[in-house]
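Taking the form predicted on its own, here's one chain by itself in structure tokens.
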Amino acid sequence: MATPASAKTPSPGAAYRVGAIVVGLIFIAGLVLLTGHSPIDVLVAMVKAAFGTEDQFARVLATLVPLTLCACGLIFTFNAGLYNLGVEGQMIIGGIAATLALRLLQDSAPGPVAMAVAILAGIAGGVVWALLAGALNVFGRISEIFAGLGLNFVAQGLAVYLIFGPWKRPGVASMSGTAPFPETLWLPTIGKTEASPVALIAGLVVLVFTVIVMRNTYFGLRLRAVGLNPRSSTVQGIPATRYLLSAFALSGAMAGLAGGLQVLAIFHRLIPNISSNLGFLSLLIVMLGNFNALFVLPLAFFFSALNVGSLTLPIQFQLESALAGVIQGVLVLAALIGRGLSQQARARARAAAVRKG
């Protein structure tokens, strides 16, 4: 029985993707060599810094949760053809909304009730902020990129205003944030680490929800159709506007949840950089994973470990921890270049098949 040609040789598109990543890794190794250090030594040190102790591994898990949540939300907007760069602001507003709920309820409601309301408030805050960007895009014809970036600045400014204004710490305003909430309003953690089982479960539930919706529902199918061509989708009876706004709302809900969990599980107060730039990092994760929800968890885990592991670079090698950002950027750039070359290779293969047929 003859074996199909496609089974004998790997897809040229796949070869381009793998090749681009390999080139990116070689480039990163070259950068490390230029600093006078061995890439292997740096890699081993970063792995030890991320997984060497229980506290370090817990920090990786704690960072994994907001990365996973924001990336899952972006799966919806990217598949709808939208670049939701406002995810960072949606996460910040989620943190602000959660903080507001806790401040209002900390003296009048039991801890579990106050925390539950704060989580819902964070979700609602993210939804509202995302729908504002969506409305500017859908009804105001403003690019979601510019709308999102502008709203990010507004959200950041609002957080700083609240910390140095109405919510400032008694006696003095501080960049360290508002006054910490009492421990009764902290989500439980694994031992004395930063990892919260509640937050981890929330991240996994959202991930499973995202995979199921995008792969096994009409909503996911129609959302991708809208992303490919909104006008054709409307002609086929799919309400494109409703699906675009739904994608924004889902993305905002997950980013808002991430912001709320940052307050409840990690910082226990509102700080100026409550998002820790994890929203932007989740953009890279989704692009590197080719907008596929199945790749979110492994990629988020990788970048979470990279973030935590990079903290050892200034201490052990006198290297800037910003090298982690360079590694992230190079890998994503390589993935995007590989994706572009892959698409060109498939287009050439289809054209050749048409000519032969």
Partner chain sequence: MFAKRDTVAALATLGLLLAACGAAPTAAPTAVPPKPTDPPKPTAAPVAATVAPTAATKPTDVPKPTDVPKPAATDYKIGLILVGPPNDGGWNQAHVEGSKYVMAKIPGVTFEIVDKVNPADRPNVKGTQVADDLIARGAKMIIFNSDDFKDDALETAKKYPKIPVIHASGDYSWKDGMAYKNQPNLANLMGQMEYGKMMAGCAAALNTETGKIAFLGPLVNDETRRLASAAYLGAKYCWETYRGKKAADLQFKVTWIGFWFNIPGVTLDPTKVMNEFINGGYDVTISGLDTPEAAQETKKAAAAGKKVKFVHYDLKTGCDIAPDSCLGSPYFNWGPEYVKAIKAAQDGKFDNYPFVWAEPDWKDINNVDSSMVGFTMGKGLGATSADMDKFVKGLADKSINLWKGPIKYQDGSDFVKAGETATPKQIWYMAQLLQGMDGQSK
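Only the largest set of C-alpha atoms that superpose within 1.5 Å between the two forms is called the rigid core. Numbering follows the first chain given and starts at 1. No experiment lies behind these values; they were computed from the predicted model shown.
Although not depicted, the form predicted together with the partner chain is the subject of the following passage.
inquiry  = The chain here is shown without the partner chain. Which stretch in 243-251, 276-284, 200-208, 107-115 comes within 4.5 angstroms of it in the predicted complex, by heavy atom distance?
reply    = Residues of 276-284 come within 4.5 Å of the partner.
query = in the predicted complex, does each residue in the set Q56, I266 and Q328 place a non-hydrogen atom within 4.5 angstroms of the partner chain?
reply = Spot residues vs the partner chain: full contact, yes.
query = Is V47 close to the partner chain in the predicted complex, meaning a heavy atom pair under 4.5 Å apart or at it?
reply = No, V47 stays farther than 4.5 Å from the partner chain in the predicted complex.
inquiry  = How about I271 - does it come within 4.5 Å of the partner chain in the predicted complex, if we only consider non-hydrogen atoms?
reply    = Although the partner chain is absent here, I271 would touch it in the predicted complex, with heavy atoms inside 4.5 Å.
message = Can you tell me if T184 lies within 4.5 angstroms of the partner chain in the predicted complex, counting non-hydrogen atoms only?
response = Answer no; every heavy atom of T184 is more than 4.5 Å from the partner chain in the predicted complex.
message = Can you tell me if N292 lies within 4.5 angstroms of the partner chain in the predicted complex, counting non-hydrogen atoms only?
response = Judged by the heavy-atom cut-off of 4.5 Å, N292 is well away from the partner chain in the predicted complex.
query = Given that the partner chain is left out here, which of P188, P180, P166, P239 has a heavy atom within 4.5 Å of it in the predicted complex?
reply = Of the listed residues, the single hit is P180.
query = Which pick from L132, A101, M214, L85 sits with a heavy atom within 4.5 Å of the partner chain in the predicted complex?
reply = Among L132, A101, M214, L85, a heavy atom within 4.5 Å of the partner chain in the predicted complex occurs only for L85.
request  = Residue by residue through 132-159, tell me which have a non-hydrogen atom within 4.5 angstroms of the partner chain in the predicted complex.
outcome  = Heavy-atom contacts within 4.5 Å come from E144, I145.
Rigid-core frame, C-alpha of N292, shift of 2 angstroms or more between this form and the one not shown = No, N292 moves less than 2 Å.
inquiry  = Please state whether G52 has a C-alpha shift of 2 Å or more between this form and the one not shown, with the rigid core used for the fit.
reply    = Result for G52: no, shift under 2 Å.
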